[in-house]
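The chain that follows stands alone, in the form predicted alone, written as structure tokens.
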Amino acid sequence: MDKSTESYIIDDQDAGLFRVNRRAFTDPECLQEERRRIFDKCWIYVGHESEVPHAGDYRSRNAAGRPMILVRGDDSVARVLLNTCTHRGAMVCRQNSGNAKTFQCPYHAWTYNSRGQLVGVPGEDSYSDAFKRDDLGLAAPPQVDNYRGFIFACFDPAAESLYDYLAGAREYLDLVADQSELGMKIVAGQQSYSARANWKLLMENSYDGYHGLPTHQRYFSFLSDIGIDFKGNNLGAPVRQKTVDLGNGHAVLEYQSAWGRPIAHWVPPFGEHRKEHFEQLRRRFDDRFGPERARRICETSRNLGIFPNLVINDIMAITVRTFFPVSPDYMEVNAWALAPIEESAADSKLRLDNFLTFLGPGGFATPDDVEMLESCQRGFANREVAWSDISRGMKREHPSITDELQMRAFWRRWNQLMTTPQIRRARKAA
């Protein structure tokens, strides 16, 4: 089949049928197009401002296929710089994190300050008058912006603003950011792992409520064993759960939490001695936001997907997760825990225990998920089965959290970007 005319999705809304061509998970040409049409065009999450609190603090990041430096300059501005010397290209920052006044290229010792300005060139008198230091600072993405502490970069100078790009996702980022009176912070440490699966499978998985019980049965059995009452939370009640298409490919599951949440949702396994403390925390939320918004912040969980590759799962703890493709069947994943700055040591211990028990790569969830994603990828070798079905709940007026509206929101945006005729014409002209 001529790939230029082949469809990636079948989206028959009258019939309630939605399918994805499995070529999207396996084809190297498709990945090349994703790099051009998605990772070079969309706003991509780089890091959180709390990771570089002091002048000179930096973090090395790989995002959108590029090595970058997230750094706070001596002017207190958090920047994203491209990690390549403007002389001959070598990476000027070779450590994962630290604090530095300057970055020096190990090749010829060109030196840049924490703002990215070129401040040292050995043998500079050998250059002509045409040589200008000001023209040779470390490059930056055309657009960098910050929403409630989450820093994004975009390589399309004509792209819409980050504020507009986030669309309905802003409401859910606010629900996360409002959990602190002083600001949220990334907890020290980073989880890095990989999976032999296509990156989009992890996006689907991260807000797939349908797979929860069959894939993570061990975790739910564990919660029951320690005294969590699922029936009391009535997870199936429509008024307590919803799935929302947030626009621009973003989507969210929001539902009543059965498990305890370290901010202000006490459950018996936390211990009777801590109940009053949690009730005090809850009263502070009531005072700040009123009872309805406080209930939503404290008692509901959110699995939020921000197109194309940022996941914030605000559940029994908060994970911030990004992932990038190395090849069609292999991705690298990085994840961090997010918490209120003012959280006590005891509450932080509880949060991190929750985080590692379920969300960490050694916890109940991630190994199960990775095994399922890699199983899907292996199954795609059966090329005779060309389509995956994502129709669940498509004709339902109010989709449940076990339906697949959120995946359809992702795939519609993905397909739009991958098949826009104007881009195709530009590619042919080039």
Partner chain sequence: MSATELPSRQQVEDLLYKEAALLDEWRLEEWLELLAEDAIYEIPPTDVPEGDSRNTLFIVADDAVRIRSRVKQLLGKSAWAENPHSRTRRMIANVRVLGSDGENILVTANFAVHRMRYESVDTYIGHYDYKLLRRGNDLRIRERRVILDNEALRPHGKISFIL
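Positions refer to the first chain, counted from 1. Since the model is a prediction, treat every value here as computed from it, not as a measurement.
We do not show the form predicted in complex with its partner chain, though everything after this point is about it.
> Which of 27-35, 65-73, 368-376, 396-404 has heavy atoms within 4.5 Å of its partner chain in the predicted bound form?
Flagged stretch: 368-376.
> Does its partner chain, in the predicted bound form, lie within 4.5 angstroms of each residue among F222, V333 and P361, using heavy atoms as the measure?
Result yes, every residue of the spot touches its partner chain.
> Do L175 and its partner chain share at least one heavy atom pair within 4.5 Å in the predicted bound form?
Contact check for L175: no, nothing within 4.5 Å of its partner chain in the predicted bound form.
> Using heavy atoms and a 4.5 Å limit, would one call F278 a contact residue for its partner chain in the predicted bound form?
It does not: once its partner chain is placed as it appears in the predicted bound form, F278 has no heavy atom within 4.5 Å of it.
> Looking at the partner-bound form in the predicted bound form, is G227 within 4.5 Å of its partner chain by any heavy atom?
Heavy-atom contact with its partner chain at 4.5 Å: absent for G227.
> In the predicted bound form, does A258 have a heavy atom within 4.5 Å of its partner chain?
Heavy-atom contact with its partner chain at 4.5 Å: absent for A258.
> Identify which of K132, R284, K101, R218 has a heavy atom within 4.5 Å of its partner chain in the predicted bound form; exactly one of them does.
Checked against the cut-off, the match is R218.
> Give me the residue from V119, V187, A294, L162 that has a heavy atom within 4.5 Å of its partner chain in the predicted bound form.
Only one option qualifies, and that one is V187.
> For the heavy atom contacts within 4.5 Å of its partner chain in the predicted bound form, list the residues of 161-199 involved, in sequence order.
Read in sequence order, the residues that approach its partner chain (within 4.5 Å, in the predicted bound form) are V187, A188, G189, Q190, Q191, S192, Y193, S194, R196.
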